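Just the one chain here, the form predicted alone, laid out as structure tokens.
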Amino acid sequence: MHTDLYNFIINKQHHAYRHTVDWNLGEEYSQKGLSPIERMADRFERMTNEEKAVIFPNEQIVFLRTVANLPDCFTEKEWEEIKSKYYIHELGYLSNLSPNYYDTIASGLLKMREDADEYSKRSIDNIIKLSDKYLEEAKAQGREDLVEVLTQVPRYGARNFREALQFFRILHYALWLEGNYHNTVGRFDKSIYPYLKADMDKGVYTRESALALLEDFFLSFNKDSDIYVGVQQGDNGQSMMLGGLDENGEYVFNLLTELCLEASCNNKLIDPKINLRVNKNTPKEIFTKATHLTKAGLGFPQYSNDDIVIPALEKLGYEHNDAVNYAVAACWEFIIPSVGADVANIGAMSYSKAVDTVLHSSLLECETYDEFFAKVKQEIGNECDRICDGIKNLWFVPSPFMNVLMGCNVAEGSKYNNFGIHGTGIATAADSLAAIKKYVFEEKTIDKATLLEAIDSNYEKHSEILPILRFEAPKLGNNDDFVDSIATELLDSFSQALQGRTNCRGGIFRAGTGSAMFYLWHANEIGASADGRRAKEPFGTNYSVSLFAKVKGPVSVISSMTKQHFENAINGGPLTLEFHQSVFADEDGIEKVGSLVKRYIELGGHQLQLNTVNTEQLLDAQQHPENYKQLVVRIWGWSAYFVELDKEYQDHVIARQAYTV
């Protein structure tokens, strides 16, 4: 690692090279009557022309955003008209795709240009033109190493490890500059390792020098991430997948995989976000290596279980060679590199809202718990109807450069065009149903009217039942089949409600266990709940226990949260566990956490993420943010600098339980 460059970037001194542009492109394009794809091609050309070549001393992987804003291609009035005709997902621009960087890196942009349409050719020409600015600047600085690299890439295919890394940086940079967002990295070690191996065999690198280059490459992800689109700083989608089975059933874990874990650990930066594919046969020492990265406090790696994910994707209709190469979207949704145009986060269904709706509409008239739960399942189906029926005529702004990397007009779809629906608040819903079943229908110690009055008054009335529901009632996370089976039925009901549906692009709907930011938003849609949760208290993030649930420990949590049928709900969404910082104080603690992760995989868990926290430190960081600029925490499917988060997200992290082992 070049320490001077590292400090320059983390102290944001490179921001001095930025400027903004005051272009009213939407109005200009509207007056000219340009089509959407013409607008995208023209804006990209203007942006590449406006960008300046900046090369810092000793910088090995170049390209820096010097234009800090990206004017929209459409006016507000035009967007209103577009939205009146089409369903627009998020910003309307392409996101959460895993394009085929790696074939392009092997062949070069001039080769890709041969089969491109006029707009993609124009985009290729403009990114080469920008690369030539860097080439000339390298010559001016006497940087012969960069001159050699930039003379080859991106025109021609990479010949070595450094050229492959630089080529990736250029492609990734170009996608952001074009206006795409949450641009993921895909299976990096599987595709780039051959370049490293060839150089290592030639003696070009030692392990240490290869690691230093990789650290600089990882640093490049953090140069511009503050101007990337996201709900919060850090929510930018730069997710890298490591490990996993290949098409021949061989497990990928090579020198580059190890170096990626080490580079991330050494840099201690929020990007790229490391994901690790594992299975029940993954050696224990790999889990231990990965846990050393968890110790760094970045919320990395996130684990995905090939034993569950690959067969589940095949069950949904993905061909084996595609399913086996799955990666993740911005957070954790499973997507297919190169050929997948899935919209993996197009909607979210709230289990807790379904319970709340039936509680208020039908509890008084239900004679049995089974009757009540049947209505909850029906309401889940009704909510899925509303979500799916509301997604018609999906439209995206076309993307000439993304088309180069996807080999198709991806705005109109690709080989796979499935839609993912999150399922949120499952612990709140399962715990509420368990309390209703136990106290209202079985023991009959709380009558229906009393429960409703307590909930609707936020437990100001009948406050004596609050501690019973909050602390004594069964809770998901204690390996208690009474409530765990309810969670299983809820997840099954959700996945069954989506089965057999065809979306507007001919794909299917995929149920998932994620929540994204809905753990706050959906929680605010309802009042108090029957599990003792008060109004405005958030849900647990993703597929996790309630924030206030009294649980025995992490072993009981993973036992509870691996009983469900994830093969039917494989859109993604991890169990999230927080561990106190002290757990990682010695090698014994690290090995225990690694063993716990391995046990989760062996039990059939599908996805897991770990967070390293110190509550006292987090509280102090809220009071003295200037002392904690580099403090990193895991949010829902991404990591961020704690002091840059809105307070509601900070408070949620603080409220999560910190386990020990």
Partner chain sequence: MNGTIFDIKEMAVHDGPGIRTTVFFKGCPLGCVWCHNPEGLSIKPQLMYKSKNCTNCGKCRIKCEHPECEPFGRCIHICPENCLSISGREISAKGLAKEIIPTAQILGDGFGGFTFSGGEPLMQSDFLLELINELKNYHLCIETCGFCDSNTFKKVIEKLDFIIMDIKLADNGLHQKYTGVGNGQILENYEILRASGKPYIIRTPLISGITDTKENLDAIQKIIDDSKWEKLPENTMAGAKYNMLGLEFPLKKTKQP
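A quick note: this is a predicted structure, and the numbers were derived from the prediction, not measured. Positions refer to the first chain, counted from 1.
The protein also exists as the form predicted in complex with its partner chain; that form is not presented, and the subsequent description refers to it.
- With the partner left out here, its partner chain still marks one of 586-594, 179-187, 210-218, 401-409 in the model of the complex; by a 4.5 Å heavy atom cut-off that stretch is 586-594.
- Taking the partner from the other structure, its partner chain in the model of the complex has a heavy atom within 4.5 Å of a heavy atom of Pro554.
- When its partner chain is considered in the model of the complex, Ser559 lines it closely, a heavy atom lying within 4.5 Å.
- Contact check for Gly317: no non-hydrogen atom falls within 4.5 Å of its partner chain in the model of the complex.
- Put simply, Tyr101 is far from its partner chain in the model of the complex: not one heavy atom of it is within 4.5 Å.
- Relative to its partner chain in the model of the complex, residues Glu464, Lys550 and Arg599 are all within 4.5 Å by at least one heavy atom.
- Only one of the listed residues (Asn321, Asn524, Ser582, Asn281) places a non-hydrogen atom within 4.5 angstroms of its partner chain in the model of the complex, and that residue is Ser582.
- Taking a 4.5 Å heavy atom cutoff to its partner chain in the model of the complex, the contact residue among Lys129, Arg534, Arg159, Lys444 is Arg534.
- Interface residues of 478-498, taken as those with a heavy atom within 4.5 Å of its partner chain in the model of the complex (partner not displayed), are limited to Asn479.
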